[in-house]
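Below: one protein chain in two forms, given as structure tokens, structure 1 then structure 2.
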Structure 1
């Protein structure tokens, strides 16, 4: 019989892999979850797959259908507004705290991440850009050093990431976002907590506007 650690690892890996398929659009909003395909792709039986599906349903990524499996939940404009509103407050607080606590090595690390992100921007490598973008925000949160804030942020982080992937980022918005990140870095370097908090909140509000418009313009939203 498999040990508990193996079972736990299998479950966690399945949850993570299916979540990533939702994030990158392999499983689209409203799409039924193809259980037979997934069991073959991941080399697992129906039982662990369905346990992973239930876990993803409990976090709101999937929706269970009575006797008909599950489907990917759709992202609504109301959900986006609510998510970004709360996340804006959390990000602003993380910026204020990080500016007070940042060491020179902390700032150097954020700067290095920023330059890597800009490199992906110049190469138009969107997925890699998004990963570095997210890492910068997480690093600022780590510097803030507040465990309660971190837990609240992580609870919402996946749903925010998913909402961002729904929208196709335009060249104009992409360029603007990079400039906003340059301003964030400058505020962190100068340890201006009030400014950094304001910039983080504005940065997220601008992203929210783009995502909401994409959802409202989507045929599946009507």
Structure 2
């Protein structure tokens, strides 16, 4: 029997850590990634580091320049559009599947998360709100029970998050988003997969608008 031996290896850690550095801006988009710097940062030799870089390039976080190492991929406005478009249909699919497969405890859990999120909204706790928001979408993915979908989603979500951190949500958008989430919950409860799918897609399209505008103004977009 194939045992899923998942002790996090050095390789996995490096991949995660570098991803994190890209996310928090320590490694800026478009910036070259000198191996020397990272080896000193992590205290490892170049071999495992380079392996991690190739893995990250394969997932789209970095890009390889022949004989010039790697650099952090830039997130252009066009790419953000593309990302959201794809994410939209993945969200929709997760909704369709989740509505079909959700058990009562599943729905109860989403509901609980939702009300917790609303609580953070009323208190204007932005970070906690975002965190719960993310957990709800993850939970829906979990209910959907499609491993490939989960994987694609997370990869794309990461790439979007890289752009999103500049987006400061406005008060009006925020309350609209909460209202949209109310509708999502209702659709899930009535197990209306198609509706849930459409709502999720539209919800994401709205957030896309916000991010796009932020990107256009930002200097990193080029």
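Numbering follows the first chain given and starts at 1. Each form is matched to the other, and the largest set of C-alpha atoms that superpose within 1.5 Å is called the rigid core. All values derive from a computational prediction rather than experimental measurement.
Q: Structure 1 or structure 2: which matches the form predicted on its own?
A: If we ask which form is the one predicted on its own, the answer is structure 1.
Q: Fitting the rigid core first, would the Cα of residue 51 be found 2 Å or more away between structure 1 and structure 2?
A: Yes, its C-alpha moves 2 Å or more.
Q: Classify residue 39 as shifted (yes) or not shifted (no) between structure 1 and structure 2, where shifted means its C-alpha moves by 2 Å or more with the rigid core superposed.
A: Superposed on the core, residue 39 moves its C-alpha 2 Å or more between structure 1 and structure 2.
Q: Classify residue 26 as shifted (yes) or not shifted (no) between structure 1 and structure 2, where shifted means its C-alpha moves by 2 Å or more with the rigid core superposed.
A: Yes, the C-alpha position differs by at least 2 Å between structure 1 and structure 2.
Q: How much does the C-alpha of residue 63 shift between structure 1 and structure 2, in angstrom, given a rigid core superposition?
A: Its C-alpha position differs by 8.2 Å.
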